[in-house]
Structure formats: C-alpha cells, structure tokens
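Form predicted on its own, single chain, as structure tokens, below.
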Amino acid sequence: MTTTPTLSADIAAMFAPENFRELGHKLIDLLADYLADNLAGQDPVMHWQAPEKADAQWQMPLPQEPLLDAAGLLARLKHDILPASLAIHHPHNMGHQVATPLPVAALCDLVAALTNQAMAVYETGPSATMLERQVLRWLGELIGWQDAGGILTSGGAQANLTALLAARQHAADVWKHGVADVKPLRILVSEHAHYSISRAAGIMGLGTDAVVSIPTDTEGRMLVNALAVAHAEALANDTTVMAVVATAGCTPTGSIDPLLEIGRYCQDHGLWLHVDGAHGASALLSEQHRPALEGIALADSVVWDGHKLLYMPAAVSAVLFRNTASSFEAFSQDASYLFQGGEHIEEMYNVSYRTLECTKRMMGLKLWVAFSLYGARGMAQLLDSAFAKARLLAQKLDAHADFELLMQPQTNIVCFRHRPTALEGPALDAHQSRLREQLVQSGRFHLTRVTLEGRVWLRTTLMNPYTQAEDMDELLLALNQLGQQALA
C-alpha cells in the first residue's frame, strides 16, 4: 500500500510566509542601518584580513542539523559577514568600477530571487521577458537605433563573448564545422581593450594571438591610422578581420576611442564594429557627456554594463545589436525540448536562443524600476556627478607638487602617482605599490593600481555620489603622509 506523502512541519516552516515576513523586516532594518553607516563613512572602508587567515575561520564541517535560528543568522550577518565586506557605499571606496548600487535596485533583486523566473523560454518568465525587452529597447534608442535586438547577460565578459560570437558567425559560418577550414580570423582592438576580449578569442578557439593590439595616443584613444595599418597587414597575410573592437571607457584610464572615425572606417571597409561600452556607454544619458560617444550608432554591437554607471547591483550587462537578426547569429543550435514553436516570431521571445545562459534570473526588473522611478534625467545626474568628481580630483592633483596626473579624465577614472623627488624608475613604481597596499590594508581608503607602458600608477574610480572634496583632500594627505614615512 502506497503511503500518501504529507508536508512535514520542518518543510512547512522553511516556506512559511509569516517567517519570511518577520525575518525580512528585520533583515531590511539591518541592511538599512548598514547602508546609513557606510554612507556616513563612520567605519573603515574595509577591515583588512589576509585571505589565508580569513579562510581559516571558515573551515567548519557541513552541518547535519541546524546551527542557527533567525536571530542567530542576523547576528552572524551583523557581526561577522557585513563587517568583513568591502563597504561599497563608503565615500572612501574609490577602487574598482563597481557601482554603489541604488537601494531600490537591491530590493528588485529580492523580487527576482523569490519569483525565480528561469527565463529559458517565454513561458518560464513571461513578465521577466517583457521587462527585459522594454529595457533593451530603451538602451537601443539611447544608442540611436530603432530596430535594436539584444539580451541581458551576467556581466560584461559574457556580453563581449556573445557579441564576438555573432561577429564570428557573420564573418564565417563556423558553428557546425569549426574554424579549421576557414581563413584565420582576427580581432583588432585597442591596446587598452578589456582582457575579456582576449579571453573570448581563446574560448572561441581562435587563440589569443588572433587579437591584434592597436596603439593609442597619449590620451589612451585608439589611433585610427594604426587601425588602417593593422587591417592592411591582416589582408596581406590572408586573414579575415572578423571584428574591430573599440572601447567607450577603457578599464585602465577610462579613455574613449574615437568612435565616429572608427565607425566610418569600418563602414567603408565592411568590418563588424563592436563597441565595448561596459563602463562608458551610460554617458549616453547625459546631455553634457553624450557627445564623447558620437559615432556609437555606427557599431554593429554594443556592450553596456548596468552594474557600473547605471548603479545596479552586480551583475547585469546588455549586449545590443543594431540589426535584430544579428542577435540570433551568436548561437545556432537546436534545443527542441525548449523551443516548442519553431516559428521565428515565436522564438523572438525565447531568450535562451540568443544567450550563453539557459536558466538566468530576472535581470531587467531593476533597470526598469530605476528608469521608471528616476527617469533618464535622474539617472544622468548620477553619471554627471561621478564625472565631475573625477575632474575635481584631477584639478587637485594638478595643483599638488607631490603628485603627477597621468591624463585628464574622460570619464570617472583618475590615474596618478605620488612623486617624491628622491625616487625614479623601478623604485618609484615600487613606491606606488607599497602606498596602495598600506592604504588599503589600513582601511582608510580603497583604490587600485595599474601598469601602463611599464610604469605603475595609482588609480581611482569615482562612483560614489557621497564622495566629496574633503574626502579627496584626505586621500592625498594620507598618501603624502605614508610616502614621507616610507622615505624617512
């Protein structure tokens, strides 16, 4: 006789709405207090702990029985986990290109997690699919496209790979039989292109040698005459240029390539132009900064990160195509158990057909909410503020005898060096690395460093609207004091 399964009390408690409501309210209170403390800069931006020491504290065996109740969970979050996190909303967090996320966007991620819309096909995420399509239309219109297609993905690296897969298939039909029987494929990129481009070439089986680096000018922008030379060399070597990759806001310096000139060159020579606008595409929102991206509409594909200057939680990236049909070229395979229709118009709504991911979360909600609540003008204020802060820091560095500015910022990234007269060459480079390590481990500031043409520079990314002029003054004072101590 078969026993009818019943819902145990333990399982019922896991899903109980009243438990979710009670814990949820307390969790939001905890996070709101954490946010307030971070914005006020009351605690260190980071409580530094060497990773091997931190790892030693997380070596417990898998629990077979519950270790925590709700109160215990909140206590661990409050006392152990949140304090050990990088305080992203802290005014002294000036490190990586990671947004200080809008709190409402974090709430949207809670909605996405609980509703768990898989989005493989339309029926597994109807509203999520429509939200994504709406957001992509908005972004495409900002670029200047009226018939844009695309997809939201989990980060810029995946978005760049998706765009380059489409470019590869556009250049040569290799999905089924591979690249062995076609001319060698080449990708022409700025010398400051993101490492995900070379990684994509390796993943696609082209080899990283297929990525040809194009020199830049003193402002970090691709030289179009050098692009023409590289293109001619590729043709002379009987290779096919499958894509030119221009950058709108490169990672090292935030520089923006001359998109209009590059776009015209690519159009004249029938080349696929991909613009990696992961960082800088958000300048399209700003009347003040939009002209820097003139020519972006000439691209065949554009990548645009939401978790940078659209102030979304990580990770959400758009890969957009000027021609909707191009968005289907990246992946050309059959999955009949998913795609039940077979008609092109029906497959338009099945997002797995055009992305590396099968199951993916509802990514469009937080972008839709941000634009709906604050409007494009409100979102532009965030970007304008960040770019203005970068210009202000550059002015302070220019006026300070102990610092050297690499270049005037084109976005919100500022590179500079502490420049004591007693140091030159490798000693000066090592000095920057030591300063950065000491400052980060002190918990006073978070910043990064970058090596350009063999020289080491300190690097800040001004993302936080709460970072003020006095925070910049404090940064320069702290670096100067550490520098003087190191030379004493």
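For clarity, every value in this text was computed on a predicted model and none was experimentally measured. Throughout, we count residues from 1 along the sequence that is shown.
Just so it is clear, the following notes concern the form predicted together with another copy of the chain, a form of the same protein that is not shown.
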Can you pick the one in R322, R221, H194, H92 that has a heavy atom within 4.5 Å of another copy of the chain in the predicted complex?
-> H194
Contact assignment for another copy of the chain in the predicted complex, among H289, R199, R264, H400, heavy atom within 4.5 Å | R199
Contact segment among 233 to 241, 271 to 279, 212 to 220, 114 to 122, judged by heavy atoms lying within 4.5 Å of another copy of the chain in the predicted complex | 114 to 122
Does T421 make contact with another copy of the chain in the predicted complex, using a 4.5 Å heavy atom cut-off?
-> no
With the partner left out of view, is A430 within 4.5 angstroms of another copy of the chain in the predicted complex by any non-hydrogen atom?
-> no
Should A226 be classed as touching another copy of the chain in the predicted complex when contacts are defined as heavy atoms within 4.5 Å?
-> no
Is M46 close enough to touch another copy of the chain in the predicted complex, meaning at least one heavy atom pair within 4.5 Å?
-> yes
Triple contact flag N160, R417 and G425 to another copy of the chain in the predicted complex, non-hydrogen atom at 4.5 angstroms | no
Out of 51 to 80, which residues reach within 4.5 Å of another copy of the chain in the predicted complex, heavy atoms considered?
-> P51, E52, A54, D55, W58, Q59, M60, P61, L62, P63, Q64, E65, P66, L67, L68, D69, L73, R76, L77
